[in-house]
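The chain that follows stands alone, in the form predicted alone, written as C-alpha cells.
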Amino acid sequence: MAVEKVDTAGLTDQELLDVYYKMLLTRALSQRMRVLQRMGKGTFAVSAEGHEGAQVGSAYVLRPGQDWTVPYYRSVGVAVTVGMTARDVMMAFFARRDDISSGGRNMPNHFSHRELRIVSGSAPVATQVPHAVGIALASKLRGLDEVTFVYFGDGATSKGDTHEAMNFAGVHRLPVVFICENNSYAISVHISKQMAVENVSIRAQGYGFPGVTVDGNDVLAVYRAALEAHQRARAGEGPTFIEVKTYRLAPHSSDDDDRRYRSREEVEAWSQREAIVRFRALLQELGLLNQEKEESLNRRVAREVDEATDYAEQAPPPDPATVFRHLYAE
C-alpha cells in the first residue's frame, strides 16, 4: 500500500526544521522568563507556551523589513520568527539600557524593532489593532508592496478598537491581516461569557472580508491560512481575519493564578495535543527528526537562552539622568 504523501505547505525540509527550532526557542524563552520573574529578577512575565504553532506558523510568511508586524504582549514566537534574537527578548525582560525595543523604558514583551518593522504596542488590550490598520492605509496610499499582520487574543475582540479597525479596513480594502489567537480565556473569562458565537472569525463577514478558523496547534495549517491571507492582501483583495484556536499552557501572566478558573485536567489534556508535540511527531514521520537531531536542537536552544540571559543580566541599566527623555521636547 502506498504511503500517503504529507502536505508540507510548500516548505522545504530545512524550512520545516527552522519552524521547529523557532517553536522550541519560543518555548524556552517563555519558560525562562517565568522562572526569572519568580526569582525576583524581573517585574513581569507573559508566556507564549502553547501558542508556538499559532505564532511561528503565521509569522513565517512575513518578509522581515518589508512587511509590518504589530504584535501583542504574548507574541514571543512572532518576534523571534520575524528576526528578534533571544538576546533582544532578554534585554527587554531585564529592562536594560541597550534594549532595542525601548531602551529599558517599557514592560517586557512590548516588542519593537525598527529594521524588522515590528511596531510596539501599549499595554491596554486591542489598542494596537487600529494602529495596524493605519499602517496598512499608509502602505496602500503610497502604492507599496507591504502587508501588515496584527496579533491579539480573543479578549481583544470584545473591545471597540478591534471592531472599528476591522470596519475601516473592510471599507478601504486594506492590506492587513487580523490574527486572533483564541485560547478560550480573556485572562479568566471564558469565551462563552464573552460572545454568543462559536467562532470569532464569523464577525469578519459583518465587515465585508473573509474570516477563517484554523487549528492553532497545527503549525502548517496556520501557515497555509496566513500565506493565503498574505497573498490576498498583496493582490489588492483586502483584509482577512484568521482565528487561530489554541490554548495557553501557563497562567495568563506572572500575576495570574489560573487554578482559580480552570482545572488541572483541562490543562493536561491540552498539553497532550499542543503544537510542539504534534509537529515533532510529523517531523519524525517525514524522517527529518531523530533523537540525535532533537538533542542537537535542544542544546542549541538552551545555549542561546543561557547566553542571552547571562548577557542581559550583566548589561547596564538605563541612566537615571535620562528618565525624562522622550517625554518632553529637548
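None of the values given here were measured: they were computed from a predicted structure. Residue positions are given as counts along the sequence shown, with the first one as 1.
Not pictured, yet referred to below: the form predicted together with a further copy of the same chain.
Novice: Looking at the partner-bound form in the predicted complex, is residue 205 within 4.5 Å of a further copy of the same chain by any heavy atom?
Specialist: So residue 205 counts as contacting a further copy of the same chain.
Novice: Decide whether residue 196 counts as a contact residue for a further copy of the same chain in the predicted complex under a heavy atom distance cut-off of 4.5 Å.
Specialist: Within the cut-off, so yes.
Novice: Give a yes or no for residue 167: in the predicted complex, does one of its heavy atoms lie within 4.5 Å of a heavy atom belonging to a further copy of the same chain?
Specialist: Because a heavy atom of residue 167 falls inside 4.5 Å of a further copy of the same chain in the predicted complex, the answer is yes.
Novice: Please check if residue 157 has a heavy atom lying within 4.5 Å of any heavy atom of a further copy of the same chain in the predicted complex.
Specialist: So residue 157 counts as contacting a further copy of the same chain.
Novice: With a further copy of the same chain left out of view, which of 163, 87, 224, 232 would have a heavy atom within 4.5 Å of it in the predicted complex?
Specialist: Exactly one residue meets the criterion: 163.
Novice: Have a look at 210-218, 167-175, 224-232, 78-86 and name the one stretch with heavy atoms inside 4.5 Å of a further copy of the same chain in the predicted complex.
Specialist: Stretch with heavy atoms near the partner: 167-175.
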